[in-house]
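Below you will find one chain, with nothing else, as structure tokens; this is the form predicted on its own, and questions on how it binds or moves follow later.
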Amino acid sequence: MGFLAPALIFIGVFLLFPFVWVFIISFTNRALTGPGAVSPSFVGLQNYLRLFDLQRWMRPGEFGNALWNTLFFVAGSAVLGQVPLGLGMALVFHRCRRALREAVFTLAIVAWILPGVTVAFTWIAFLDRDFGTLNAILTSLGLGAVDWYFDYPLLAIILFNIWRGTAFSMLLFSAALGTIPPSYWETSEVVGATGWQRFRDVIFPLIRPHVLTALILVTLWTFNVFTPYLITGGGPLFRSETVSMYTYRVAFRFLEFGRGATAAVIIMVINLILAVGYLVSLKRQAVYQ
């Protein structure tokens, strides 16, 4: 037990205590200005009732609208973007020449570890309506320029996050593919299996647990990511605001810590549900194997 004490103290100080403290604050009107700053008082479920007020639930700038945007953001960025794209890139480069594979993986890692602020400002320039590189390419193809930040703000941050996070999925799946014995690949080639048959009958059954693990990590990371705020700020008119942006706006721009803590508690509960759901699926998968 003594060997575990440092780890338990670390978990208690940096994980459990902040969670408990945020949970307590969510039942108060604590703020940085006004009466809530001088003498915060207990307000019970008032913050939660306001957060889930059905009459204003889906209005722009409310939590329901931010949650709806987050669901689209996670589905487009993680489930339909990073995971399948990372798996595809890992499959393409797995059996390539070592030099080419290492070069691609190095570039992917560099893109992943670059500071978020640097990458965000690079994408702001890339998607700029008048001078952006993407619009220059579209114009040269005769498709015309697009005002990405006004017409498609949610799509803009989805594209940004796919580019930002695909490297992690690719590295994870590359490690998973490395666990498949070479004899499996050789046998599938000898029997004349097509690429799709090889993936369906040999590769995917062996890496299925890794796919679930990737979904767990990428979904949770995408649900909580805040970097897209640097690109759109949640606008225009809250059309690209996610739950993390909503929490930041309420707590640190409106300075209403009680309401911000309420949103944070709901986000933590959603994260817990997602994690438990995926872990149960992973456990069932292991039992069936």
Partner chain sequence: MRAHRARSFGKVLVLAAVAVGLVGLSAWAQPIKLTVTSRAVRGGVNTQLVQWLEDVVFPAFVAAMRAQGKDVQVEFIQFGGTDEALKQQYALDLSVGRGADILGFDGFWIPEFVEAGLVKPLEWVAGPAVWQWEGWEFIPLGMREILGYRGEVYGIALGTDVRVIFYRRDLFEQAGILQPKVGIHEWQPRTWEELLDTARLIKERLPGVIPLQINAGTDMGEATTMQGWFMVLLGTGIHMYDFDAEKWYGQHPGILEALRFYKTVYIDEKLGDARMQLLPGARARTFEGFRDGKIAMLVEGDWFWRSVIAPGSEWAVPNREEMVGWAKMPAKEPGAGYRGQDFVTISGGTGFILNPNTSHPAEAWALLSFAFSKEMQLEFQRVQPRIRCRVDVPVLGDPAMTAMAEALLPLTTVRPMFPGYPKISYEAQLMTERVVAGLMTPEEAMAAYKDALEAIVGAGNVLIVP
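No experiment lies behind these values; they were computed from the predicted model shown. Positions refer to the first chain, counted from 1.
Keep in mind that the form predicted in complex with the partner chain is not shown, yet the notes after this line are about it.
Proximity of Thr232 to the partner chain in the model of the complex, heavy atoms at 4.5 Å:
Yes - in the model of the complex, heavy atoms of Thr232 and the partner chain come within 4.5 Å of each other.
Flag Gly44 as yes or no: does it have a non-hydrogen atom within 4.5 angstroms of any non-hydrogen atom of the partner chain in the model of the complex?
Contact with the partner chain, no.
Indicate whether the partner chain has at least one heavy atom within 4.5 Å of a heavy atom of Phe254 in the model of the complex.
Yes.
Could you tell me if Phe173 has a non-hydrogen atom within 4.5 Å of the partner chain in the model of the complex?
Phe173 lies outside the contact set for the partner chain.
Which one of these stretches, 260 to 268, 66 to 74, 26 to 34, 216 to 224, sits within 4.5 Å of the partner chain in the model of the complex when only heavy atoms are counted?
The contacting stretch is 26 to 34.
Please state whether every one of the three residues Arg95, Ala108 and Arg198 places a non-hydrogen atom within 4.5 angstroms of the partner chain in the model of the complex.
Judged in the model of the complex, none of Arg95, Ala108 and Arg198 sits within 4.5 Å of the partner chain.
Are there residues in 135 to 167 with a heavy atom within 4.5 Å of the partner chain in the model of the complex, and which are they, in order?
Sequence-ordered list: Asp147, Tyr149, Phe150.
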